[in-house]
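For reference, the chain that follows is the form predicted on its own, supplied as structure tokens.
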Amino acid sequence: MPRNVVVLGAGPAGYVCAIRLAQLGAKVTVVEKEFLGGTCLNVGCIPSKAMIAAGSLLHRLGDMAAMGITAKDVRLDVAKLVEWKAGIVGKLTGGIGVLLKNHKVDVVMGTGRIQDKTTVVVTTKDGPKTLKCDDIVIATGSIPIEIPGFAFDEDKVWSSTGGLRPKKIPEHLVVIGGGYIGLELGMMFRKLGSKVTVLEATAGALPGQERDCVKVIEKSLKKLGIELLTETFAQGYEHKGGKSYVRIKTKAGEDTVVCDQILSTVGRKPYSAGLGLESVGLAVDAKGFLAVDKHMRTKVPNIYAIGDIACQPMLAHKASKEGLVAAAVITGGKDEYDARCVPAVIFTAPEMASVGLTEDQAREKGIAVKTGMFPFAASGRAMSLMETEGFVKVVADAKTDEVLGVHMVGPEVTELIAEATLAIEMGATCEDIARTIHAHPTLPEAFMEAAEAVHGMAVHIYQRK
């Protein structure tokens, strides 16, 4: 008899897991409380990147004169932009629905609650529905974190969701949180015409990211005219006369920033409210995660957790990988989550991408390292794109030459990081990368040259001995 599996959540973890389960012969039911595709496809990764692309295109029109291109009477239709973005989302989510149907996966729209280890009760618009099963996969994703004094009303205070559904472009936007979501959306709105102020509690933008790369982003923020206030805490706000008065606390004391829109992006937390975890003896930890083993099992053998509720990093591609692992294990496979690295991509301007260890992390592990760096200013392809900011940095084991980490900031690095991820996953050395012929003229040549630079042998930059 095939396994009968209920998957709670239809985001990048849940729907991928469900499809793979069906491919492997299981009978599958997906329970989704809001929309197929989850946060990522509907109000996260996909719509944000669509609008970021629009903002970048609009911004780049100002640079086209150097190419001999003059654009006149350029106007932004916000309603049309949001409609276009929604169209992309609709095509993708509709495609997921078709895939689930073609794989004979049942979809139940409603809120699921675990009654016992083989029973899920779903509250639907037509009343409760009881689902009996052999296995349960929890893939409920995450929600934005609210901070005191800034409850989301998606009017005066946007979460990332509200920020992707603007009725107009704010005259002055205050972004609370200088992490990747805040900077992606803050830069997007700046390019669409807003004045932007970013409030960050730590000493710099993008806390936890590779600092050499972050310096380039911070320089770009300044170039764009975005005000970054570091070591600054948002205390609350008052709205009067059509303006919001945001109270802030800095090292210099207290102050007020006046704006017409607030966007709060201080992070996300796993979603587990009302799941009924206690009914099977499960509980989340202090940060909201469920403990799982390398097979994505919780301590209840037939209940699995994948995606944002399982562990860090809370990234869609990591969630999908976990979904594939769980599906294989449920249907009798011996798969396990054993990724050596997980790439992280940030769609700022310029883009930033990292995979593996930073130089500091490697040294903290007691590894002697060598590094190589190649600037996009020396790349012919980057010059032709008029995007020469940034670099590729390779961190390697000084003894074995193995690639430990790759960190990039510059044009299209969110695409380039795939080669670096594969290199680390396969245990490649810098020599392996350097000896691999890279097409010319292309941006990936920068990775090859950075690998050469580890040995002081980059051809297109001069390295002092």
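In this text, all values refer to a predicted model and were calculated from it rather than measured experimentally. The numbering used is simple: start at 1 and walk along the sequence shown.
Not on display, but discussed next: the form predicted together with ligand FAD.
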**Report entry** Among 386-394, 239-247, 138-146, 285-293, the region lying within 4.5 Å of ligand FAD in the predicted bound form by heavy atom distance
**Finding:** 138-146
Report task. Identify which of Pro375, Gly97, Gly333, Gly110 has a heavy atom within 4.5 Å of ligand FAD in the predicted bound form; exactly one of them does. Result -> Gly110
Report task. Scan Lys27, His438, His59, Lys33 and let me know which has any heavy atom within 4.5 Å of ligand FAD in the predicted bound form. Result -> Lys33
Requested in this report: Although ligand FAD is absent from this view, report whether Cys17 comes within 4.5 Å of it in the predicted bound form, heavy atoms only.
Outcome: no
Requested in this report: Using the partner position in the predicted bound form, report whether Ala10 sits within 4.5 Å of ligand FAD, counting heavy atoms only.
Outcome: yes
Query raised in the report: So in the predicted bound form, does Gly38 come within 4.5 Å of ligand FAD, heavy atom to heavy atom?
Result: yes
Query raised in the report: Gly405 near ligand FAD in the predicted bound form, any heavy atom under 4.5 Å?
Result: no
Report summary line: Contact check, 241-269 vs ligand FAD in the predicted bound form, heavy atom within 4.5 Å, ordered by sequence, gives Arg268
